[in-house]
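So this first bit is one chain, no partners, the form predicted on its own, shown in structure tokens.
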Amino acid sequence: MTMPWEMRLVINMRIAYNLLILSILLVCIWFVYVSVDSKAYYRKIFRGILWAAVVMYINRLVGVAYDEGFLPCVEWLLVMERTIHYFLTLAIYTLYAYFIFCLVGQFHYYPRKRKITFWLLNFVMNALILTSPWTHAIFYVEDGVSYHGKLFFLLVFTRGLYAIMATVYALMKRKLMIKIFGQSIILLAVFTVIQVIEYLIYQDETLYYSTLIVNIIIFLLTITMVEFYKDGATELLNKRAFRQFIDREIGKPGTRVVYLIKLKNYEYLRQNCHEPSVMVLVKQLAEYMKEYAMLSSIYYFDDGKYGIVVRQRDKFDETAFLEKLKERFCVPFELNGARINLSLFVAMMDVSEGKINKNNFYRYFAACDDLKYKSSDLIEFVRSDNLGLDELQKYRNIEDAIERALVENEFEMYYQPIISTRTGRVVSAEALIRLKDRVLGFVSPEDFIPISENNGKILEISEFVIDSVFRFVKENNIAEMGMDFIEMNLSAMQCMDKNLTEKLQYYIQKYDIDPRQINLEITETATNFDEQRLKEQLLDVKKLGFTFSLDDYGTGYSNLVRVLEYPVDVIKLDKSIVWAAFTDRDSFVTIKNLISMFHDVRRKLVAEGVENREQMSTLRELGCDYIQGYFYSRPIPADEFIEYTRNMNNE
């Protein structure tokens, strides 16, 4: 019997429809894999949704072929087709809900118990589906026809529950996301309602799953547009998204706190380590931020800077978050085979109740970004209430002064004499940089040095210091003046600079001087980066002929064994130890023993901060080799120092 053309048309339309949907899904999959190289967790889930839909429609083609007699009427084939169909429809809705929860609420970082609870209903329903051929719970097949089982309503309820939970959750949290995503959530909710109404009226699965495909395409387009607001390296929101947040949310009720988090060591890492290795570290920190904060509104601004936005409804525990960061930062990070101690600066800006409006938020944020670091804590934390805008303005003014000094050559080298206790003659001097700005006047090194370390200008300043000191030694015959060497400070960044040896070799050749006439002064803070690398670096420099001093001994965690691990020839006792020795008997015994102890290991000692004759005489009696301090002279300009030295050494 020939099939009527109307029947053939219906069959062909059913096959064509499923093939069309399948083609659309395959194009979507292709687009997802080639459009953006994103490893974001939510993208992995979305790819899972697409593949589940592809398999579902391939299975539907098998069902159509079975219904229309293209495949033999075998009952087990129909049972398999129905089992796969119900299994995949449930999987799509569950994955959709999981996708929303992970995208909006970082659900994939939640404890395992929470995740098991989420998937539990899915597992139960899958068990009912898989056992239905025997229990008839969800469906059963008789005489080549599939029927709904007595518990089929549970499958419909479960799918609807996952869809409703995800959509309601997304609608509640839509303001946490960038504008385009919030709009797509509303559009998605509309099509979900249409999908339910269509099924209730027509009981037609074709229309039902057509709307599902529309929702998938909405998400695909939205995710693609969202990538414009994502940082490619960290998968966090970027500066564009942050500006959009400021324009939409600052000054309105709902937002509670904004955090700025900065990697203190970033400038050093950027200049001294391979860029790919640094970015690996930046990505790791991004993962810690997401895992510890459990929030969706986390931003990356480049240069090792992150932002976190906390809303009123967020269950964010500031104390727990900071404690988790501290626990991680207590352990050194591995970078290029080196173990590096890192630290963070965290600034909290309270934007609740209109405390900071849109107009001045940028000012506050920039102020937090400009703040100089005041502690060596693993996590240095400040609150906006304690910022002090006058102090911040001073900070910016000094930054401008540093920039002017570098451009207009306004830095100047001063020299503070170091006197031998044995001869009373000037045997050395410490070279100290000074800044007298045409706008601000004299700017203390205690102010501009930390700021230059924060903004990366310290390396340019250090180049000026090296060039000036080498030129001074070249132009003034210090040996004829009775001096052995000039002390020159090396910053922590310089100590770890992989090109330090080559730079010093360059200046030796440029000025044709004996490197033994330069003593390089280091501080113990340099060891906070990588002790092994520092030791190797100093040994390479020492091979050139330079000598070393350890400055500020007694202010950190110095001990004899640790000091002897470094190739230092001179130990400089910090003024705090020197002053304490004349006010406390125990401190006096300590400094006496220190002098004796370092002499036993063939190290020379310089006492810093000597301000009166009593201190000078006592230290000389104790056997301290050299004295530096205001008792003899303040740091003075080069011309005055030369005259001072000639007068002292020609007496």
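These figures come from a predicted structure and were not determined experimentally. Start at 1 and count along the sequence shown; that's the residue number.
Keep in mind the form predicted in complex with a small molecule is missing from the figure; the text below concerns it.
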Looking at 141, 368, 413, 282, which has any heavy atom no more than 4.5 Å from the small molecule in the predicted bound form? 413
Of 126, 167, 489, 517, which one comes within 4.5 Å of the small molecule in the predicted bound form, counting heavy atoms only? 489
Does the small molecule, in the predicted bound form, lie within 4.5 angstroms of each residue among 434, 445 and 551, using heavy atoms as the measure? yes
Exactly one listed stretch (532-540, 92-100, 445-453, 318-326) reaches within 4.5 angstroms of the small molecule in the predicted bound form by non-hydrogen atoms, and it is 445-453
Would you check, heavy atoms only and a 4.5 Å threshold, whether residue 610 touches the small molecule in the predicted bound form? yes
Under a 4.5 Å heavy atom criterion, is residue 630 part of the interface with the small molecule in the predicted bound form? yes
So in the predicted bound form, is the small molecule close enough to residue 579 to count as touching (4.5 Å, heavy atoms)? yes
Test of understanding: in the predicted bound form, would residue 159 fall inside 4.5 Å of the small molecule by heavy atoms? no
